[in-house]
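There is one chain below, alone, in structure tokens, taken in the form predicted on its own.
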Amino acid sequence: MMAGLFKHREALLLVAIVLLVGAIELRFPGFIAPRNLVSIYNDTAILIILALGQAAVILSRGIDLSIAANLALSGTIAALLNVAFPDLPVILLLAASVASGTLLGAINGLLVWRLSIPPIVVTLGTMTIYRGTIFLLTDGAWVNAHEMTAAFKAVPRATFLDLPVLSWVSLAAIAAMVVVFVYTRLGRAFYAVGGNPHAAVYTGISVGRTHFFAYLIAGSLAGLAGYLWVARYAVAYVDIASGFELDVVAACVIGGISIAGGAGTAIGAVLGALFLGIIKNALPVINISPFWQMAISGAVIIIAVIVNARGSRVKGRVILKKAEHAL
């Protein structure tokens, strides 16, 4: 039973997280205090939301390098609307951020679908365009905390049942994406298109439309995360979440989402994000220098890629003696 359990990447990752937290606790007692664990989860909540969207894209054999730029532009739009119309209800500002993110995701999806441009090229281009648009909207200036209304900044920090609203939103996103991946035709289409796009076509699945909806979901979650990020940190500028797209991809890879598409789960992406979140919270506590933190994070990502590659390797049977000696 245990052997079968450990064949699942999620179970292995969960054990790794428990061992990691236990090792840190031995060095710094109090690390596993409920308040500290809640704080770590809350700090990782936005990464979890983005990783869920990225997981949908990677499962369908794509990638979204513009996801952090989407977050930045959507959050900035919400902040600018709040400054221009301070009486506008927060729910409308949140809706505007989600709508903006969804539109930006749709642009990615349409370019990949209709023009058949490789996803990495499309999203590299739109990443720059989205960042440039923020500069045009703000003239390069920051939208600061004193310009935003108190109601705008309060939502992610409010608590319900001793848990911040930001964490509740991420839990709702996890539940929604588990349902999409496991119980919907769209979720099954992600796996089919990512696993074998040619076979998916023969089963009546539109590969292009599936890519479009994957980017649409990733964009809407980036828009949601955009408002949460800007409201939580009470600042909006061109470079917010700069480089965060790499953390998002890393969370998916660590969580067992195959970079070649077709394999992985929403829970795996969540555990991958939590693993990264714990490392990023623990390394400063044990006085690891920022340079070593980057090196350690990079090493973890490379190890995860190697594990993924070995796990997905297709085993063949050598039938030629010459080839056998050549191996």
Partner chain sequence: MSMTETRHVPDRLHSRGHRALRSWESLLLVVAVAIFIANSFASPYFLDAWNLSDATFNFTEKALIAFAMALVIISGEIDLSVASIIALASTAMGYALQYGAGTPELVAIGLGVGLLCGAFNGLLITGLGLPSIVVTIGTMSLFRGLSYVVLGDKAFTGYPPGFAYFGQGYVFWVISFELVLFVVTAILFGILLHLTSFGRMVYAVGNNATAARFSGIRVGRVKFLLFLMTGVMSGLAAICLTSRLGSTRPSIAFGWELEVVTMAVLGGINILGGSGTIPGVVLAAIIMGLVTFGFGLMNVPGIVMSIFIGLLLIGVIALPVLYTRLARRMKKSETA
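What you see is a predicted model; the values in this text were computed from it and never measured. Residue numbers count along the first chain shown, from 1.
Not pictured, yet referred to below: the form predicted in complex with its partner chain.
Colleague: Find the only residue in Ala175, Ala84, Leu163, Val201 having a heavy atom within 4.5 Å of its partner chain in the model of the complex.
Modeller: For this set of options, the contacting one is Val201.
Colleague: Could you tell me which one of Val38, Ile279, Ile301, Ile32 places a heavy atom within 4.5 Å of its partner chain in the model of the complex?
Modeller: Here the answer is residue option Ile301.
Colleague: Look up in the model of the complex whether Gly195 has a non-hydrogen atom within 4.5 angstroms of its partner chain, and give yes or no.
Modeller: Taking the distances in the model of the complex, the answer for Gly195 is no, it never comes within 4.5 Å of its partner chain.
Colleague: Test of understanding: in the model of the complex, would Ile205 fall inside 4.5 Å of its partner chain by heavy atoms?
Modeller: Within the cut-off, so yes.
Colleague: Are any of the heavy atoms in Ile259 no more than 4.5 Å from a heavy atom of its partner chain in the model of the complex?
Modeller: Yes, contact at 4.5 Å.
Colleague: Check whether Arg114 has any heavy atom within 4.5 Å of a heavy atom of its partner chain in the model of the complex, and answer yes or no.
Modeller: Yes, Arg114 lies within 4.5 Å of its partner chain in the model of the complex.
Colleague: On the criterion of a non-hydrogen atom at 4.5 angstroms or closer, are Leu20, Val180 and Leu271 all touching its partner chain in the model of the complex?
Modeller: No: none of Leu20, Val180 and Leu271 comes within 4.5 Å of its partner chain in the model of the complex.
Colleague: Counting only non-hydrogen atoms, which stretch in 149 to 157, 95 to 103, 184 to 192, 245 to 253 is within 4.5 Å of its partner chain in the model of the complex?
Modeller: Among the candidates, contact is made by 245 to 253.
Colleague: Which residues from 105 to 126 come close to its partner chain in the model of the complex, meaning a heavy atom within 4.5 Å?
Modeller: In sequence order, Leu111, Val112, Trp113, Arg114, Leu115, Ser116, Ile117, Pro118, Pro119, Ile120, Val121, Val122, Leu124, Gly125, Thr126 come within 4.5 Å of the partner.
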